[in-house]
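Below, in structure tokens: the form predicted alone, a single chain.
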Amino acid sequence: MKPYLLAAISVSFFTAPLAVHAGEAPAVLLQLECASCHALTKPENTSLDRLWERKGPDLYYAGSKFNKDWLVKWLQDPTKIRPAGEFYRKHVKPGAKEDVVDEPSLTIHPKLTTKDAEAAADALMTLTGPEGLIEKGAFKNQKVVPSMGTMYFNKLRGCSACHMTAPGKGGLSGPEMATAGARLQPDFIYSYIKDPQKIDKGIWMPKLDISDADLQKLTSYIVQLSAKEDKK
């Protein structure tokens, strides 16, 4: 196993047709289409076995994690977020020079209709998780010079070993960061970098020994990446 594949969680999302559930109550829609793969309430079982076997990321704090506009768009046309799947070690195979993603083994995520996507997003945004899980207002939105942010992300903190900032640039075992600023709330990014295990118990993303100033820079850099993508 190559070093760049030895870290954060990996979920893979593709597209596939889905039966329409128009008219269903949002909470019912989540149970019908999400509960089989995602935890909608905080799990009692927080063991590593459960973490490694789950089919999709926990959603019981989705309202404190995602941006609603992104959810509505993504649920209608899912794109791959984690190149190597929910648990990357199940979805890699030896390549000529290094491990590569075993694409056929990846999970297919369904598409929702516009109406169902809006209803599901509304319901997901009500799931905010336990009080204090996310440090609200912690991110100060201080801009960082792109070259400085790149240095922190790639060299000083080694984030690129597991995360891509653009197609083909970075590791495969963690979620891509090019669209993270559009996908995730800044306070969630800040809180997750600060203490991943507080939010996702047992996760193998390391807890960094990092100052608040550097944490602010990393968060700003990730948020700014999405703005850069939007201009393309």
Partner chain sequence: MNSRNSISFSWLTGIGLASLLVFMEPATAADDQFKHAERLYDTYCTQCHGVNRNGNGLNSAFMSVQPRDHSDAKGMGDIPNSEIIDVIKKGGLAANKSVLMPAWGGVFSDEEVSQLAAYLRHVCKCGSDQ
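Keep in mind it's a predicted model, so treat the numbers as computed, not measured. Residue numbers count along the first chain shown, from 1.
Below, we turn to the form predicted together with the partner chain, even though it does not appear here.
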Heavy atoms, 4.5 Å, the partner chain in the predicted bound form: which of 177-185, 198-206, 65-73, 36-44 makes the cut? Say which one. 198-206
Heavy atom of each of 52, 154 and 173 within 4.5 Å of the partner chain in the predicted bound form: yes
Just to be sure I understand the contacts: of 92, 121, 134, 112, which is the one whose heavy atoms reach within 4.5 angstroms of the partner chain in the predicted bound form? 92
Exactly one of 117, 81, 138, 161 has a non-hydrogen atom within 4.5 Å of the partner chain in the predicted bound form; which residue is it? 161
Within 4.5 Å, heavy atoms only: does residue 98 come near the partner chain in the predicted bound form? yes
